[in-house]
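Given next, in C-alpha cells, is a single chain: the form predicted alone.
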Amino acid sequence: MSDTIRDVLIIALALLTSTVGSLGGLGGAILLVPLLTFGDMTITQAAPLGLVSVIAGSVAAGRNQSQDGAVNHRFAVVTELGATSGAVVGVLLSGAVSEQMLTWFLACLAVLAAAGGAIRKGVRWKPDASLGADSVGEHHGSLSGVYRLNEQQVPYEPSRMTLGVCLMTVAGVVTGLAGVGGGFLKTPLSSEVMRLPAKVAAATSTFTIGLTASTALLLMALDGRVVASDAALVVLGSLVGGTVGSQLQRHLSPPVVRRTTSVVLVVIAVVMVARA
C-alpha cells in the first residue's frame, strides 16, 4: 500500500467512525482502533490515534449539541471525576494486559452495553406542555434539566449517581488501556444506569469523552507513543465526522438513537471478535 493511499484511508476511517460515534455518543475510536489494526498497526500503536479521534470529534460535535441544550455539563463534571481517575490507572496498566485479552474484554463489554439499550422500550421521560422553549437546559444547583424533543420540552432528573460514578471509573480504565474513549460504555451507563434521556446521554458522553481522552493522550504523548503525522490525518477526518454526526442526531428520536447505538455496539463486538 502506497503512503498516499494509506493516508487517505486513515482520513476516511476517521471521518466515518467519528460520524457514527458522535451520532450515538460512543466516540469513533471504539470502531477506529480495531479497524486500524486490520492494517499494519497493533492496538498499542492505534490507541493514541483513537484518543486523537475522540478529542477532535468531541470538539466538533460539542458546539451544536451545547446550543441545543442537550449537554448536561454538571452531570458531565460529576461523572468525569471518576472517568479521568480511571483513565490514568488504565494508561499505567496498559503494558500489563495482553492485546488478545483486551480485545475479548472490550467485545464482551460492547455486547452487554448493546443489550442494556435494546431491552428497554419506549421513552422514559415525557414532554411537559407547561414548559416553554426558554426552559431548555440545565437547572442551576441541580443535575436535572430540560431538553427539546420534536419542538416539545422534556424534563428529566438522573438517579443512582453513586453507582454510576463507580462504573464511569471502569469506563475510564478502559479508555486508558485501549484508547477507545470509553463512550461506548459512558452512553449506556448514563442512559440505563443513571437514567438520562438517550439524546442527553449521547450528547453529554460526546462532550465528556474528549476530556477523558485528553488525560490518557497526554500520558501516551509523554511516553512517546503519538505519531504526529498520523494524528494530523485523524484530526482532519474526525472534525468533519463529528460535525456531521451531531447534525444527524438533532433529527432522531430517543428510541432511534438508542437502537442505533445498540446496533453499532454489536458491530463493534463482531469486529473485535474477528480481530481476536
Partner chain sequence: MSLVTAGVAAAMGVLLRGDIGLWLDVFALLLLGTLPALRVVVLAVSWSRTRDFAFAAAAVVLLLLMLLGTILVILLK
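Numbering follows the first chain given and starts at 1. Quick caveat, the model's predicted, so the values are computed rather than measured.
Keep in mind that the form predicted together with its partner chain is not shown, yet the notes after this line are about it.
The contact residue chosen from 211, 41, 35, 244 relative to its partner chain in the model of the complex is 211, the criterion being a non-hydrogen atom within 4.5 angstroms. At the 4.5 Å threshold, heavy atoms of residue 71 reach its partner chain in the model of the complex. The closest non-hydrogen atom of residue 103 lies beyond 4.5 Å of its partner chain in the model of the complex. Residue contact with its partner chain in the model of the complex: residue 52 places a heavy atom within 4.5 Å of it. Although the partner is absent from this view, residue 153 stays clear of its partner chain in the model of the complex, with no non-hydrogen atom inside 4.5 angstroms. Taken together, the three residues 62, 92 and 207 all come within 4.5 Å of its partner chain in the model of the complex, as judged by their closest heavy atom. You can rule out all but one of 193-201, 166-174, 103-111, 135-143: in the model of the complex, only 135-143 has residues with a heavy atom within 4.5 Å of its partner chain. Along 218-238, residues 218, 219, 222, 226, 228, 229, 231, 232, 233, 235, 236 each place a heavy atom within 4.5 Å of its partner chain in the model of the complex.
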